[in-house]
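The chain below stands alone and is given in C-alpha cells; this is the form predicted alone.
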C-alpha cells in the first residue's frame, strides 16, 4: 500500500531531535516528526513550597502540554483545554515510571511542552521531547521513554500515523516504551480492532519506539560531546575526542 505521503507502511516520517535548545531551562529538547514539532523544557528539581502538596518520599512531577495558537491551520484558543489537560496527565504518567522521583523528596520537577506545529501524533512527539529534556537536565532516570503511533488502513499496518491518515485508519494507537526494561508506560487506542490486529499494531509501534530511542540517545550524545568540547576550549585543552597524544 502506498501511503498519502509516499512512505512505506513501516516507515517513520523524517526525524529531527536536538537537546539543549533552551538556555533558561535546566534541560530542553526539540523533536520533529515530519511537520509535527514539540519543544520541551525542564525546571527543577526545586523545593515545592506548597507544603500540603509535598510528598515526603518522592518528588512531584508536573507536566504541562500546550498547543500554541499558530500550531494548526485554525487558530488554537490560548490556555488549557480538556484535551491539553488529558494529554498532560497521560504524558506525566508515562514518564513517572522512568524517573527516580524518590531521589528528591518534597521537591517538584516541572516539564513544559509546547507544540509549535501539529500534523498528528503530537503527544508522542511531546513525550520524546520531554524524555530527552529530562535526561539533558541530569534527572536520574531508569531509561529514556520513547513513543510512537501505529494503526491500520485497509489490510495494512502503518507506523507513525500522520496527517489525513488519522481520518482513514481503523485505529490510532500511541505507545510509550522503555526499551531497556521492555516496559510499556503508555498505551491508548482510538478505534476498534480485533485482538489479533491490536497485538500486531502494538508490536509495530514498539518497533517505532526502538528506532526513536536510538535517535534520542544520539541527540543527547551530540549535546554532551558539544558541551565537553566547549569546556575543553575554555580550559585551553585539546584532543578530547581520543586523538593521539
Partner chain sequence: MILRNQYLVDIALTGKRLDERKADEFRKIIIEKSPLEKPEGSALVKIGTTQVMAGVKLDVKEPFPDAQNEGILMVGAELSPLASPEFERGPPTEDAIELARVVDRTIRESHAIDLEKLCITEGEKVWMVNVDLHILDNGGNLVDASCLAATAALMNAKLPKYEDGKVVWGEKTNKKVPLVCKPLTVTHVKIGQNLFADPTEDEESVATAKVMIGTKDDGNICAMQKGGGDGFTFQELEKIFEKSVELGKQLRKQL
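This is a predicted model, so every value here is computed, not measured. Residue numbers count along the first chain shown, from 1.
The following text describes the form predicted together with the partner chain, which does not appear among the structures shown.
Undergrad: How about residue 199 - does it come within 4.5 Å of the partner chain in the model of the complex, if we only consider non-hydrogen atoms?
TA: Yes, residue 199 is a contact residue.
Undergrad: Quick one: does residue 189 come within 4.5 Å of the partner chain in the model of the complex, counting heavy atoms only?
TA: Because a heavy atom of residue 189 falls inside 4.5 Å of the partner chain in the model of the complex, the answer is yes.
Undergrad: Does the partner chain get within 4.5 angstroms of any non-hydrogen atom of residue 180 in the model of the complex?
TA: Contact with the partner chain, no.
Undergrad: Can residue 89 be called a contact residue for the partner chain in the model of the complex at 4.5 Å between heavy atoms?
TA: Looking in the model of the complex, residue contacts with the partner chain include residue 89, since a heavy atom lies within 4.5 Å.
Undergrad: Report whether all of 93, 184 and 195 sit within 4.5 Å of the partner chain in the model of the complex, measuring from non-hydrogen atoms.
TA: Spot residues vs the partner chain: full contact, yes.
Undergrad: Can you check 25-33, 213-221, 199-207, 40-48 and let me know which stretch has heavy atoms within 4.5 Å of the partner chain in the model of the complex?
TA: Correct option: 199-207.
Undergrad: If you check 162, 158, 137, 173 against the partner chain in the model of the complex, which one has a heavy atom within 4.5 Å?
TA: For this set of options, the contacting one is 173.
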